[in-house]
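So this first bit is one chain, no partners, the form predicted on its own, shown in structure tokens.
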Amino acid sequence: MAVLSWKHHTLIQSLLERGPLTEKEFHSIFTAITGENTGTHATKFNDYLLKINRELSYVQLDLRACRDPYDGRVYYGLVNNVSDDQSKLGTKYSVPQIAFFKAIVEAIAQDVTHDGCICNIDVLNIKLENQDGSLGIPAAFRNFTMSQKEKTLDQLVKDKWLCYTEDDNIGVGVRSILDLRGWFNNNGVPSCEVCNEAGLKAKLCPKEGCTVRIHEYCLKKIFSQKGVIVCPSCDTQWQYQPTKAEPIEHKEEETDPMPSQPSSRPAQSRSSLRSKRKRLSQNDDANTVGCSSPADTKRVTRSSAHPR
């Protein structure tokens, strides 16, 4: 078992302290401690990651990279490869909070529109498995109020398990993309045909019956290289037009990419959402609250997806 140098430990510690980092941030840390640029010394950078993962494998950890499904940026993070009762003891979330998180992730994964998000009001309306009025259910589940859901949602976003999308809906955070890759595969979430990441937010092939889906940023990459997009499965040509928002996102990424979440929310929008949720929290014991998008908000959760 080789001994890692202080430089390897610094890379690991940066991810432990700050959580998932953008590719630009992680590369900057590597350059600062080694004096080598990842653009001209890609092989050395990859060797560092290989050596770190070789040693982390002894404690069932993995340094992993993923693409954010909402803007295509690459993130690096540490992942626990073991999901058992012992590892669950390390979480700061309560049992109802974990069940709430699992219900949100499953609702997003089951979204038939493939937008990779769920209305924030639908999130607050989600009922836990045992929150249906049955006798003998745990009090913690029965008493999980609207205000508790609201606080849990804020914490999940802060910890990068969830995120706010550009249209103020709730999406899957980069930490979930890193940590729940196996869960998405095992629960039938189709992968993007280009990058092989979970196609939570993706475009579908225009041909009826074809199940191919591709992320928006992957489509943009193909279009910029070839000028035309053809389905890799059925050879149907896609009518693709890059969205107007893409150049703006690219400009923001070059100037000052933020590590917290894939999309920044305007202050006015955040204030409006908090005011709306505050009004909802005043009715903690109400069964449901209204939302503009119709959805069946009672979800069946699974035991394998959980925040740590």
Partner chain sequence: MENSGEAKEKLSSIFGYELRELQRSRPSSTNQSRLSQQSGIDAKSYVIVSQLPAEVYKKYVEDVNTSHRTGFTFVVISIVQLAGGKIAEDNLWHHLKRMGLHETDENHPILGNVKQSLEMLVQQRYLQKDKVSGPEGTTLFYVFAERALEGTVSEKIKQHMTQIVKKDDTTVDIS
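Note that the coordinates shown come from a computational prediction; the quantities given were computed from them, not determined experimentally. Residue numbers count along the first chain shown, from 1.
Another form exists, predicted together with the partner chain; not displayed. Remarks below refer to it.
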Quiz prompt | Triplet 14, 18 and 55 all within 4.5 Å of the partner chain in the predicted bound form via a heavy atom | solution = yes
Exercise. Give a yes/no on whether residue 49 approaches the partner chain to within 4.5 Å in the predicted bound form, heavy atoms considered.
Key: no
Quiz item: Within a 4.5 Å heavy atom cut-off, is residue 66 in contact with the partner chain in the predicted bound form?
Solution: no
Quiz item: Taking the shortest heavy atom distance, is residue 32 within 4.5 Å of the partner chain in the predicted bound form?
Solution: yes
Quiz item: Does the partner chain come within 4.5 Å of any heavy atom of residue 24 in the predicted bound form?
Solution: no
